[in-house]
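As structure tokens, one chain now follows by itself in the form predicted on its own.
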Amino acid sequence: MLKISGWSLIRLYTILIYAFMFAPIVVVLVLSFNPEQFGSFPMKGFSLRWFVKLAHNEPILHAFKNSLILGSLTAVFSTAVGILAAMAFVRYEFPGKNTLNTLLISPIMIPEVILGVALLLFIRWLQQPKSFALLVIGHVVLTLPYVLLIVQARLVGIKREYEEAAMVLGANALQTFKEITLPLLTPAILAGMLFSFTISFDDITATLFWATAQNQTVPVKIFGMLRNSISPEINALGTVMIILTIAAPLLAGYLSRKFAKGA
């Protein structure tokens, strides 16, 4: 009689879970190359028809442009604030440091729906309309904790003696940061920027509360398309999104390792 060990059952269960999670993604990738209007298996050929049609869809291209600009601005602002905050928390002592650090990291622990509603109500209380600037502020709030944690972890590993040696040799605080600290922080900075861009580019839950009709992002546009009708263009757009969201973290890891070796 065949005996099945406990570890074999755990492995089988794990494989089934991963298959259940990734099977829909694989289906979207495959159907994006389907030449026909409606998906069917086996497919009757291979075609880039829906990618070509997607490239001529002005509303989607506009949403894609918004997502790229929003993600880039979010990455820049989150990284700039994250570097300054990490330097303050790791290198200096001041009253309320732990409390402020906890507040900046807390968005990770708060559901995005609550963050989205809270910021929207706050803007309404200030009697300000929804705008692209609101989108940038909201996404900076969402991504700042990740940048802060990554940069802090790297900064803790940089010995204070390096900076002190530069100051003893005559460098001021700005020169020390530019010539010593910043090059050593570069892997974490690049990783933080790419991760914040990816999170901003993919976000939909909070963005639904902040976006306007003119400032829709790609995930919001996909959500709207699914509500109205199911078009094969969605599969092509989903494939592009999947490739971008996978490529960005991989690029972040590669650049981090490369610059870490160089440092």
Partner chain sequence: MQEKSWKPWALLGPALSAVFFLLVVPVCFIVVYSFWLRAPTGADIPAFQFGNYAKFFADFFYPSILIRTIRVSLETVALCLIMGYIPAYFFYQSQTKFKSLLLLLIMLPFWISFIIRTMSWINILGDTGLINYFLIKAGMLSKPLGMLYNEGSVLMGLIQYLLPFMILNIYVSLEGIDKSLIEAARSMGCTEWQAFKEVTLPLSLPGVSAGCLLVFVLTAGTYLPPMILGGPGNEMIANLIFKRVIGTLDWPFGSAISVMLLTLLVVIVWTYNRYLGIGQIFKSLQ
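Residue numbers count along the first chain shown, from 1. Rigid core here is just the name for the largest C-alpha set that superposes within 1.5 Å across the two forms. Given the structure is predicted, the values throughout are model-derived calculations rather than measurements.
Quick note: we don't show the form predicted together with its partner chain, though the next part is all about it.
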Any non-hydrogen atom of residue 54 within 4.5 angstroms of its partner chain in the model of the complex:
no
In the model of the complex, residue 36 touching its partner chain (heavy atom, 4.5 Å)
no
Indicate whether its partner chain has at least one heavy atom within 4.5 Å of a heavy atom of residue 60 in the model of the complex.
no
Might residue 187 be said to contact its partner chain in the model of the complex, defining contact as any heavy atom within 4.5 Å?
no
Only hit among 76, 182, 158, 108 for heavy atom within 4.5 Å of its partner chain in the model of the complex is 108
Any residue of 188 to 212 that, in the model of the complex, places a heavy atom within 4.5 Å of its partner chain
194, 195, 198, 202, 204, 205, 208, 209
Establish whether a shift of 2 Å or more occurs at the C-alpha of residue 76 between this form and the one not shown, with the two forms superposed on the rigid core.
no
So that I can tell if residue 114 moves, could you say whether its C-alpha shifts by at least 2 Å between this form and the one not shown after the core superposition?
no
